[in-house]
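Take a look at this one chain, the form predicted alone, written out in structure tokens.
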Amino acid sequence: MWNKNKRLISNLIFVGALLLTLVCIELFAPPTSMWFSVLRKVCTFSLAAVSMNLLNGFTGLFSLGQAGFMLLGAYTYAILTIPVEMRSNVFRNYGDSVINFQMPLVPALILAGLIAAFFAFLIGLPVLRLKSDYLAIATLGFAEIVRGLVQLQNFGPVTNGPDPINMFTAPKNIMAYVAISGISILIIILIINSTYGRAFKAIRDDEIAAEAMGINLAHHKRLSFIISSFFCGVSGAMMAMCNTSVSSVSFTSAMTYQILLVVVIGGIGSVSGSIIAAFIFYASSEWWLKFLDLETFTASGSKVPLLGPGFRMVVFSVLIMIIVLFFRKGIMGTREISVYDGLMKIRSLFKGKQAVKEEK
């Protein structure tokens, strides 16, 4: 019991220090700092990766429909938060919007998740009977169908057709994104550590044994799929906030593959691994390695070889290959970050070195 309390206190101190760092960035970093852009994306895709991990890593269901559920969440949030006086301007090609009211941020976020969850329930009824690659193909097909439907002219008064949606409510400060992502991930962690989470893991490990233990496979698979889709919808709404514009061209299958890559790099079955991998992925691809795309010349005027547009992604891809080769199970595997356990390991290593010195 005492060790559990110490572990909880050390983890809370770590989280508090992290939040304090974010507050300092919010207060003292210049408005043009890349910190703002990167951290908003990290919060958005951390939630998307953790929600995908709940389904793929903790339940063992291989789904590739995340971009579709994020699209539903993004469009729902954007449509509901456009000011009434701006709607005729946004939907000018279709006369006006069918929806003529504006919702506050939090209810719109929740509804964005609920719409994604509702569609997950509908397609889950037939699709979750499939397994492995067949389930992945079916969910990927769903995502492409949704992306095609929102672009139709017939849905223009609701989705603005192929035209982007803008002028909706989008918070600028980092702490809003941290709060949304943090609360959502905390709820997912609580679900994973509940009896439902243990049932999900049992299904992942052995469906036959899980069913023999009295676990309703269809019910729990559907529940995991719906919960994962709900939080994908919320992350889609967060992406709409990041971009301040929503267009179906952003929600391609490439987005799902990016999220899957983050999950694999972090560790399938690790929440903290998904968060760490999201930070490494987006900070590297959009900030730290950006200088590689710039043409650079020496003092004599000759161009530095290789440096130029596109070279950043080459280096980034090589780095990802190195991580995958040396970390077969991802950075964290199935482990989670525990500050207390880390301190205990450092302490034991230090004690070991001290013992060796005393023996000598």
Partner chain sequence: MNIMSYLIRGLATGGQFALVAIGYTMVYGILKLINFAHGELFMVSGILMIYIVADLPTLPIWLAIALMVVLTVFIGFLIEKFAYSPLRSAPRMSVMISAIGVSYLLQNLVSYVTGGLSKQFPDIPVIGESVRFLGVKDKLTVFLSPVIALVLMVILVLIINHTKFGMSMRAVSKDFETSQLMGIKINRVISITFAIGAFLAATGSILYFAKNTGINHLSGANPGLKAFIAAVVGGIGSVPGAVVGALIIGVVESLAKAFGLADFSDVISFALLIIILVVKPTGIFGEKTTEKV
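Residue numbers count along the first chain shown, from 1. This structure is a prediction, so every number in the text was calculated from the model and none was measured.
One more form of this protein exists, namely the form predicted together with its partner chain; it is left out here, but the text below deals with it.
The stretch among 72-80, 173-181, 258-266, 91-99 whose residues place heavy atoms within 4.5 Å of its partner chain in the predicted bound form is 258-266. The contact with its partner chain in the predicted bound form, taken as any heavy atom within 4.5 Å, belongs to 152 out of 152, 158, 167, 122.
Put simply, of 29, 34, 313, 294 only one has a heavy atom within 4.5 Å of its partner chain in the predicted bound form, and it is 313. Contact check for residue 131: a non-hydrogen atom falls within 4.5 Å of its partner chain in the predicted bound form. Its partner chain is not shown here, but in the predicted bound form it comes within 4.5 Å of a heavy atom of residue 64. For residue 333, no non-hydrogen atom is located within 4.5 Å of its partner chain in the predicted bound form, even though that partner is not displayed. Interface residue remark: residue 144 is counted as part of the site for its partner chain in the predicted bound form, having a heavy atom within 4.5 Å. Contacts between 202-236 and its partner chain, taken as any heavy atom within 4.5 Å in the predicted bound form, involve only 208.
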